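One chain comes next, on its own, written as structure tokens: the form predicted on its own.
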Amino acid sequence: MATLRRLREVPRHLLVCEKSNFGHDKSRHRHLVETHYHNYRVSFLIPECGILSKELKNLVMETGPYYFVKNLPLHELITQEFINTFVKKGSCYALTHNTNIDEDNTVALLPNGKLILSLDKDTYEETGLQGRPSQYSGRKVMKFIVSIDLMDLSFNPNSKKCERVSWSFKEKKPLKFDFLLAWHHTGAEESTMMSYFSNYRIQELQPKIALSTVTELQCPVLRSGALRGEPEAACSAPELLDWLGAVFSRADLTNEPHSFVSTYCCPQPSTVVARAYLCTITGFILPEKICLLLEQLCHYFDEPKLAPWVTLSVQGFADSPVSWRENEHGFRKGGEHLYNFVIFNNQDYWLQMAVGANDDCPP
């Protein structure tokens, strides 16, 4: 009965909403984007728009590439050659593919050079590495978190710690995973992921892009200074986020009596726009690319537009071992960690950050 009762419980969710202006010195919009490392889907919605500008469309088409490597030994990510080639010369990202954070061993490489391992109890003990119990393990600890600083290993290649990590991954407990990898760098480097991992099964991939126009869309009325909404005058930030989820899911928002799929309808007050442009990008999308998209959407209002606001929504991988920065991420019943910007025509913005039950409060 206790198990059944737990299954029926609605898991805790956290939603943090804040407002600021892109021109403020203390605006933290860029920091929040840059520290949400592993992004699976990016969507933006532009009301009263039928065609994307050339600049925005070019950015959308240039969100790749990323790479998929099959059965890559973990020790390949701690070699001096890999660290010197990719970690030190740009921002390198990696995430295990088709692994479940609550059941399997998972690994993530962060752009600051931290390698984060989420290991089951048996694997953790077999590696012989030092870590800590997962904060979401409960009374019986079944998962452990190991953090390895690759920059520290690089600066001290002959240290006992470096030798122990190398021995663990090469001899004591060799681990292999399917990895998603991406590398952002500014220089014209000759070395590439494809050539570096040519001894393994590697594919270069491009994000999937879906572009569409929605006609006669009922949109909430928003006021940039009214984050909590105003009775009969403006909708709140949480109401907008619910509505966006329905729009991105292509749900029917008419709430017709014959509709048995969804009874959701647009929050009030609302207005109908003749058309709205919807773009969704799916893949392994780097924060640097998202920063460029956000900046371009801010410039959307450099010339007068009919739209009072646009939105940019970003979803993280449900099975990433971290959400923001090095905050431990769990799955439980949803695994969500996401954020959304509402960009107003006066350069004010709302920032909404949401996580599920097994997460710390967003930063």
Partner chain sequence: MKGAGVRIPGPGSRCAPTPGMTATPEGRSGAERHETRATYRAFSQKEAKELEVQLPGAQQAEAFVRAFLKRSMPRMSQQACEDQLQRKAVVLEYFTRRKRKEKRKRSKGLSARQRRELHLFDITAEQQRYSLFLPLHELWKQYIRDLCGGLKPDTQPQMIQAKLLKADLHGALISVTKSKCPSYVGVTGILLQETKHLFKIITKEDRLKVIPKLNCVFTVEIDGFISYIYGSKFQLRSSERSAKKFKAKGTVDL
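Positions refer to the first chain, counted from 1. Here the structure is a predicted model, which means the values were calculated and not measured.
As for the form predicted together with its partner chain, it is not shown, yet the points below apply to it.
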Any non-hydrogen atom of Tyr124 within 4.5 angstroms of its partner chain in the predicted bound form
yes
Does its partner chain come within 4.5 Å of any heavy atom of Arg250 in the predicted bound form?
no
Answer with yes or no whether Tyr200 is in contact with its partner chain in the predicted bound form, where contact means some heavy atom within 4.5 Å.
no
My question is simply whether Lys172 lines the interface with its partner chain in the predicted bound form - judged by any non-hydrogen atom within 4.5 Å.
yes
I need to confirm a contact call. Of Leu217, Leu278, Val221, Leu129, which residue comes within 4.5 Å of its partner chain in the predicted bound form, counting heavy atoms only?
Leu129
Residue (of Arg228, His185, Arg164, Lys176) lying close to its partner chain in the predicted bound form, criterion heavy atoms within 4.5 Å
Arg164
Any idea which of 236 to 244, 114 to 122, 264 to 272, 283 to 291 reaches within 4.5 Å of its partner chain in the predicted bound form, heavy atoms considered?
114 to 122
